[in-house]
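To begin, one chain is listed below as structure tokens, in the form predicted on its own.
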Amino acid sequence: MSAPEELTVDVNGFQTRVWRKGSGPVLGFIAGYGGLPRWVPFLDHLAERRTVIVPSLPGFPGGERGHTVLDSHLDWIVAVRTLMEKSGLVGADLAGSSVGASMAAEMAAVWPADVRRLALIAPLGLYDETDPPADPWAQRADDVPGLMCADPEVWKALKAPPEGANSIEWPIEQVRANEAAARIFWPMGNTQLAKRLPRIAAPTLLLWGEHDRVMPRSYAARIGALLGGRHETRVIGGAGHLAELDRPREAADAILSWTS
């Protein structure tokens, strides 16, 4: 994999990383739980046909400590909107996974004219007490890899320190990403996103890993009902919650075909 271009933008006084690679129409991607401490094959597959822009959420890898000034869900929505504006994503196609899918859905709901087509991989932000999602923040550290990916080794490889990484800063950055996500979804992962989903005007693709252990597949039907006829749901075989990590080619191809 060749390295992407790396830029930084200011969000609330914190420098935030933005990756850019490829050519063609712009496609934004907002990463899932844990963020992206490194470029992954899924993004390369997207960049084969699109200009892929990948902004880091505040507090996630590449997002410094920007989450520390976000005290409400509205703060997060405004911060991500600012990030989209400064990354050149207003009016573009937008995809996201897990945590990032929830924020991508918020962008499409609050500013419906500014997202052309939308792809969501198992978004967080909804909660049904009769079929509750798993709580990633309540897990033992050893259980998280198998919760996020069908193949736990994929998660471990994503989070493994690269050669030459600062041995102290790397794990701090990973813990900070979990803290940032917790600030978005406390309490119990319910951001009341369901109330805003009917505002989404963009045709929406819902992607679910076959073996998602975080968000039950019933939530795809719940989201689809709120979107009406403007959506399609697909299941990625052999994938877990972060389907783009388990099955990068399949997830990328689904998104590319939907946004073409």
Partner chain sequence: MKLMWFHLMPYTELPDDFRQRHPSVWVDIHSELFDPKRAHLMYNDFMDELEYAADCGFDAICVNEHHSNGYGLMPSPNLIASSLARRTTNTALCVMGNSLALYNPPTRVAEEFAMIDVISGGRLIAGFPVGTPMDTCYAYGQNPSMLRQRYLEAHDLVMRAWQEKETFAFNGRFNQQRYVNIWPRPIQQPHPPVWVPGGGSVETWRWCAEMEYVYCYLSYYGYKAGRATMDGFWNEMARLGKDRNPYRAGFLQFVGVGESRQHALDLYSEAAEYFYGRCLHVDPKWATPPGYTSEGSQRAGIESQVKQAADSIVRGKSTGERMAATARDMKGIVDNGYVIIGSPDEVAEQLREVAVTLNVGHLMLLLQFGNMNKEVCRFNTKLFADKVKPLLSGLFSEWEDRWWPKPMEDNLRAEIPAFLPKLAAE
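Treat the numbers as computed from the prediction; the structure is a model and nothing was measured. Positions refer to the first chain, counted from 1.
Not pictured, yet referred to below: the form predicted in complex with its partner chain.
- Although the partner is absent here, residue 231 sits far enough away that none of its heavy atoms falls within 4.5 Å of its partner chain in the predicted complex.
- By the criterion of a heavy atom within 4.5 Å, residue 151 is excluded from the residues contacting its partner chain in the predicted complex.
- Its partner chain is not shown here, and in the predicted complex it never comes within 4.5 Å of any heavy atom of residue 116.
- Interface membership of residue 226, defined by any non-hydrogen atom within 4.5 Å of its partner chain in the predicted complex, is ruled out.
- With the partner omitted here, the stretch from 179-187, 153-161, 123-131, 88-96 that lies within 4.5 Å of its partner chain by heavy atoms in the predicted complex is 179-187.
- Proximity to its partner chain in the predicted complex, taken as a non-hydrogen atom within 4.5 angstroms, holds for one residue of 200, 70, 27, 215, which is 70.
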